[in-house]
Each structure stands twice: as C-alpha cells, then as structure tokens.
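Only one chain is given next, in structure tokens, and it is the form predicted on its own.
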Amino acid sequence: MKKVDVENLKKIVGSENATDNPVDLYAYSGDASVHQAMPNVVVRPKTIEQVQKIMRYANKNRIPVIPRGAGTGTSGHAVPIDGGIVMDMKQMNHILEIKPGDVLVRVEPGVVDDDLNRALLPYGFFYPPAPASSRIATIGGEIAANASGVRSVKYGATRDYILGLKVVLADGSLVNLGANTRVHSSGYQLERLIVGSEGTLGIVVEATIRIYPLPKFRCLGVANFNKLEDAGNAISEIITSGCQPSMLELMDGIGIVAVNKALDLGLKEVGAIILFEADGNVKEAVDFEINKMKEICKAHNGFGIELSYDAEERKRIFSGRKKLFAALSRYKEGIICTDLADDMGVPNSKIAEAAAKIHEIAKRNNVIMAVYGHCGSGVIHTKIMLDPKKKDQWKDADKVIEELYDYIHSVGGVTSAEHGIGLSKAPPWKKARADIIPMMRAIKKALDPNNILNPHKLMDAPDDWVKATDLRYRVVK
C-alpha cells in the first residue's frame, strides 16, 4: 500500500471531510458485492476544484483513487484493492439547473435518483432510467455503470440520457464533454465513452441529462403462470407483437416465496409472475396496449390477471418486485443472497430457454438461484443463494458461474446488462471479449498513464478475485 499524506488531504477538503479512522475505513472497504479491501483514507470533496487538487496530488504520488457514489454496486466497483483514496462523491449533491424548455437538467454526481425525480415532478418531467436502488443510488454511480431499471424496455439506459459531462481526469485537468443538444456530430462522442467506464477513465463532477415528460396515464398488469417457461414465452411474444410496454418484469417462484416470507404480500406461489405496464397521454392507446399484453399472457396460460390505473394499487402490485433483491435472503433459513452472477442480458428469443437453463444449472450444482428482472429488455437477474460459511457452497457457486456464463455467451448474450463488470464478472467477461481488451487498455493508458483511477477493475481485474480481496463472509467449514 502507498503511503498517503492524510494531513495534506485535510487541507484540501477540510479536516471533517478526510478520515483514516479504522472504523470509517472499514465502512468504506466494501460495497453491495461480496468483496472487501481497506483503503488508506476516505475523502469527501464538495467542489470541482477540490476533486482536481486531490487528483493532482494522487497522480504525482501514484496513489490509487476509487470514486464512490452510494456503494450500491454489486460487482465490487468501489472496492479499493490496492488501498489508496476512496473519494466519496455524495456531498456534491446539488441540482444545478432544471430547464424544461430544453428538456434537460444539470446535476452534480451525488444527487440521489429519487430526489431528482421528486424535483422534476412539479415540472411534469421524469428521469426514466431509475434502477431498483433509486432510493439511494446516485447519478454519478449510475453513469459509472450505465445503470437502467424497470422502464428500460421503453425508455432505455443511462447512456441514452447523458447529453454532456464535466470530468476530472487522472492528472487533475477538467474536460467538458458532449453538448446541450439531443444530437451532435462534432468529433468523438467522449461523453458516451465515460458512461459505463466504472470510474477507470475519469471522475464525473457534473452531468447534463435529458429528461422526459411524464405520461398522463399508466396502467399496470400482473399475470400468474404455473410454468416459468410459459411466462418467458409470453414475454418474448409481447416484445415481437408490436406492443410497446413501459415495463415488462419477471419474477420466478423462488422470488415469490421470498417476498411473501419477507413482506407477507400473499402473492400466489406459482411458477412465475409477469408484471406488464403501458403508459401514454391517450387513455385509449394505453388501453389498447395493456389489453393486447393481457391477451398474450392468457394465450400462454397466464391467469388471475389484474389491471390497475390507480397509483396506490400499482404501488401495491409492484411492491414485491421492488423489494425482491432484499427479500431473497429470507427464502430459506441459513442462506444469503450473493451477487456473483446477477445481470446477464440475452436476446429476446432466448428468454424462456435462459430462465429454464439457470434453474437447471443451479439444481445440478446444489445451489439455489432466483430468476427475475427486466426481461422485456433482455435483462435477466439471477442471485446465487448459499450458506456462506461452507467452502463447498462457494466451490459449487464457482461451477455455476462458469457454466452459466458459457451458456449465456453461447446464445449471443452479454455478461452484464446494467450492473457492470467490476471484479465479480471480470473473469467470464474477459474470456468472452478478449478481442476488445487491448483497445480498452490503450484508451485507459492514454487517459490514465499512471493507472491510478480505480485500478484492477474491468479488463485489469484479477482472474481470481478471491485471492485479491477479502470476502465479507467468514467461511468456517
């Protein structure tokens, strides 16, 4: 570990905003993944100038800097493998400008997603990509991972909304990327390169974001299926039918049992549930879309179908899906939910096959896996549920991960659809995309020649992350 001059950093950000207290360092040693490693110091800048000064000091002394939002990343993005400086961006949390006439906002990276949408509500606009963690996730973190959420099937992911960025590079210089217009043909669109770069190319200190008018009408439906395969086939047909759902979500039987145990929702414990939504400004058009999806569900043996325009009723119907990730650890006594293989993307035609394959692989390797996600946009979330104290369970999980990603890549799928690569998913991703890694390393070298920005992530992540980081769990047998 490099020695860090904590007193110098305190002069930059103030003594209250820099700490090497072991308790604080431990709190920042992990994120929502299974990984853990201790930093040397945590800093909490409030201004662009402070970020620049920190980067100049770090670059001169070749000290790693790990930018961090709310720590909701599930792949180890914010884990400081080599120690160094964790830069907590949450104090840069101002909404700088809301411009409805230009259909955009300017925000600092620490703005929380739900706070932004609350601020937009009086103007009749919203920011669509919100992930499930929108209650705490920050815009900067979402940019780093190219996050998306339940409405990605219609509205897309974070990259589709970034018009411009202010970014501090490794040497402390500030660059302005992008434009205030929807389209531009003025050189490389470098703002799009930064989105999804997981903090390895620069630190986002301001974002200009496209916003979207709120639809006047939303109708949410839910359909039950005795077979997971039927639900998958219904999703595939909805997507190819010409329907334009604003949400199309899947929950399997394992997820249903878990949310019933955790939240006492009283959901029917069937093979799968589909949640489908239509939105728009003309009620007749929304009715047409929602009823067409309802009929497709019925044609694939969906039953017990409910529809609602009422906001409170829609919130009730959706509550199980919203809180599913947190509920999964309640599925069975003695197990925990891990993000070891959690957000692959597959072509639309492979949704039903992939869902069945995931369960088959898990059962054969003695672990439990839930299948759910934004399946309308091809995002399949999985969680490996195991007893973390048992070494054999981790070995079984390793087998599942290798076999699962080999299958996903064989059908034209991707390693990560919205959570990013980080540490957890780097080995299978590097195996599948060896062709692009030299190009990515060349870009990294050009922008960060001293390799101080979030090192050992993405293409430079270790092939065996178990040896490179600690687990947050104590394995005893």
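Position 1 is the first residue in the sequence shown; the rest follow in order. None of the values given here were measured: they were computed from a predicted structure.
Beyond what is shown, the protein has a form predicted in complex with a small molecule; the following relates to that form.
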- Residue (of Gly199, Gly302, Gly255, Pro80) lying close to the small molecule in the model of the complex, criterion heavy atoms within 4.5 Å: Gly199
- Message: By the heavy atom within 4.5 Å rule, which residue out of Phe325, Tyr127, Tyr155, Tyr405 makes contact with the small molecule in the model of the complex?
- Response: Phe325
- Item | Candidate stretches 289-297, 130-138, 223-231, 264-272 - the one whose heavy atoms come within 4.5 Å of the small molecule in the model of the complex | 130-138
- Quick one: is Leu423 in contact with the small molecule in the model of the complex, heavy atoms, 4.5 Å cut-off? no
- Close approach of Ala32 to the small molecule in the model of the complex, 4.5 Å, heavy atom: yes
- Message: Does any part of Pro67 reach within 4.5 Å of the small molecule in the model of the complex? Heavy atoms only, please.
- Response: yes
- Message: Using a 4.5 angstroms cut-off on non-hydrogen atoms, would Cys375 count as touching the small molecule in the model of the complex?
- Response: no
